[in-house]
Every structure is written in structure tokens, then in C-alpha cells.
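In C-alpha cells, the next block holds one chain alone, the form predicted alone.
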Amino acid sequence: MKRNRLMYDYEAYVLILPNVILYAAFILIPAIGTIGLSFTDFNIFQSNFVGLRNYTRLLDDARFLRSLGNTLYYTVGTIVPSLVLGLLIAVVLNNPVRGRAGFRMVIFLPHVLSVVAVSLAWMYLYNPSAGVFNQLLRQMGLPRFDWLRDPDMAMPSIIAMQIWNGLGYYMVVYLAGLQTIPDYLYEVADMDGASRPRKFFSITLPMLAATTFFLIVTGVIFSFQVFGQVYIMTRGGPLNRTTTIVHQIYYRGFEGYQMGYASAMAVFLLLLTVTVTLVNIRVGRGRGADDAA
């Protein structure tokens, strides 16, 4: 029996070995190397140990602080509307609506498209002269905008595109959560004469608390890593109003050849992501305990 158990364990380790090797080669080892580089002024030509100088430099770097604010703005601006719209659409399409399978597919389809394709398509929509949005504004007699070159409109324009692109993901996850709510809860509410708004706020929302928490955590992680949309559509401009932390990591590391400083930014982003995630988990557990009580 013991020999069979050892053989079974051996086979299990062999099966997971490729994943372990890939994880170590492309995630673990580069992460450790990035942490090491963050304490140096490494570039193509030399590498000198500088201690915590790269981290203290972050506090005085106006462009990095701007990217931090932009990243937080983008995160809140995408997650909150996506949660609200995704939930509302999921509630509607969870009912026996004619053609709901087609509506679900159409709403989810943008989520599977590549960032490059979506960004290029929306750049055409935002075109100041031939773009669809400005053409509609002109037809209505309203002033047109230079969406991606206006410092006040550039980031909201990227956020609007991302909401459209990721809305299907929120809808599908909420649909999965709605499927787990027992029907008898709504039947009892109907017997008590509860209205639809009352059932939504007293049954649906509380029962979807875990689903909402999951979407917030994953949304924060994904939003902190935003890069492709910014790089393709605005290159961080105008006036650094759309530059994000990951964009600054790329810019400083691969265009400015400041690999050590870029590594410090990457470590800071990792610590920020872990901190926010742990706070979300702590808050989520606390609310779950309150609900259980």
C-alpha cells in the first residue's frame, strides 16, 4: 500500500512539473530578479548597488505620482460603472427574455477581442474629424471634441472604452451568481407581497455579495495592470494625463534604459496590488461575518 502511495505521489509530481517549471521560469525567477534590480541603477552598460535610492526617488517623481493618481482614477472609473451596469444587465438577461442568448453573446463578445483590435477600433470612433462620435455630435448641433488629445477628455475616453470592453465579463460572472440564488426566497417574498425593488435590495444584492467581492478584487488587479490601451491610444499623453504605473515602468525601463528605477516601480506596484487585495479581503470577510450574524 505504501509503495503504491509513493508511486501515485510520484506520478502527480511529474504531471505538475511542467507547470512548475513554466511558473518558475516566467514568473518566480523574473520577480526575484526584479526585486534585486530595484536596488541598483542597472542599465545596458553598468549596474551599481544604490540601496533604497530608487524607492525614495519615487516619492519625488512628479510623473510617477501622476501615473499613480491616473491608475487609481482609471480603476475606480472602470470598476464602479462596470459593477452597476453588469449587474443590471445580468438581472434583465436572467429572466426568460426572447433572444437572451443572442444578447448575452453580443455583450460578452468585446471581452474576448484583443486589446490592440479594440483600441484601434475606438481610436477611429474617437477621430476628431471622421469619428462616429463627433459625427453624431455634429448632427445634434453640439460641439465636437478631440477626445484623445484633450487633457480633460483623454482618460474618460479610455475608461469608456474599457467599460464597453469588459462589461461582458461582469455580466457573465453576475449571471453565474444569480443562478445560485434559491428560487424559494423569491417565492416567499412574493407570498409576503414584496415588490420587485424590495426583492432586489433585500434578496438579490445580499446574495450576490460574494460575487461582487470577487469582481472588485479581480477588477482592481486587472486595472492596476492597464497598459495596452494607454500605449496604443495616447502614449500616456496629453500632458501625462493618461500615463499609468505600468506605462511608466515600460517608458523608464525600455525607452529610458533605467532598468533599476523601473524595477522599483514594478515592486511598488506589486506591493500596492497585494495591499489593496488584502484590504478588500479583510473588508469582505468582515461584511460576511456581519451578514452571518
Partner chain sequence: MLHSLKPRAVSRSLKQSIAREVRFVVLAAVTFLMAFPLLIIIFTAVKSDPEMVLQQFRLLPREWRFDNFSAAFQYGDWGRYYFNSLYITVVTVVGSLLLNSLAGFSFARLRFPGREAIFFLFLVGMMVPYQSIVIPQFVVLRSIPLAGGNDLLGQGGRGWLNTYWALIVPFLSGSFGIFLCRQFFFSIPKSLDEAARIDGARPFYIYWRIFLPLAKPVLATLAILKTAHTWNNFFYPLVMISSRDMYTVQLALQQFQGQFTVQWNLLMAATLVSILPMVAVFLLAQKHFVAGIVTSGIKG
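Residue numbers count along the first chain shown, from 1. Here the structure is a predicted model, which is why all the values come from computation and not from measurement. C-alpha atoms forming the largest set that superposes within 1.5 Å between two forms make up the rigid core.
Note that the form predicted in complex with its partner chain isn't included here; everything after this is about it.
- For its partner chain in the model of the complex, the listed stretch (200 to 208, 180 to 188, 99 to 107, 71 to 79) containing residues with heavy atoms inside 4.5 Å is 99 to 107.
- Using a 4.5 Å cutoff between non-hydrogen atoms, G228 counts as a contact of its partner chain in the model of the complex.
- The closest non-hydrogen atom of I232 lies within 4.5 Å of its partner chain in the model of the complex.
- In the model of the complex, its partner chain stays beyond 4.5 Å of every heavy atom belonging to F49.
- When its partner chain is considered in the model of the complex, F145 lies well away from it, no heavy atom lying within 4.5 Å.
- Between the options L93, M155, A194, L83, the residue in contact with its partner chain in the model of the complex by a heavy atom within 4.5 angstroms is L93.
- Looking at 114 to 129, the residues that come within 4.5 Å of its partner chain in the model of the complex, counting any heavy atom, are S114, V115, V116, A117, L120, A121, W122, M123, Y124, L125, N127, S129.
- F26: CA moves 2 Å or more between this form and the one not shown after rigid-core fitting.
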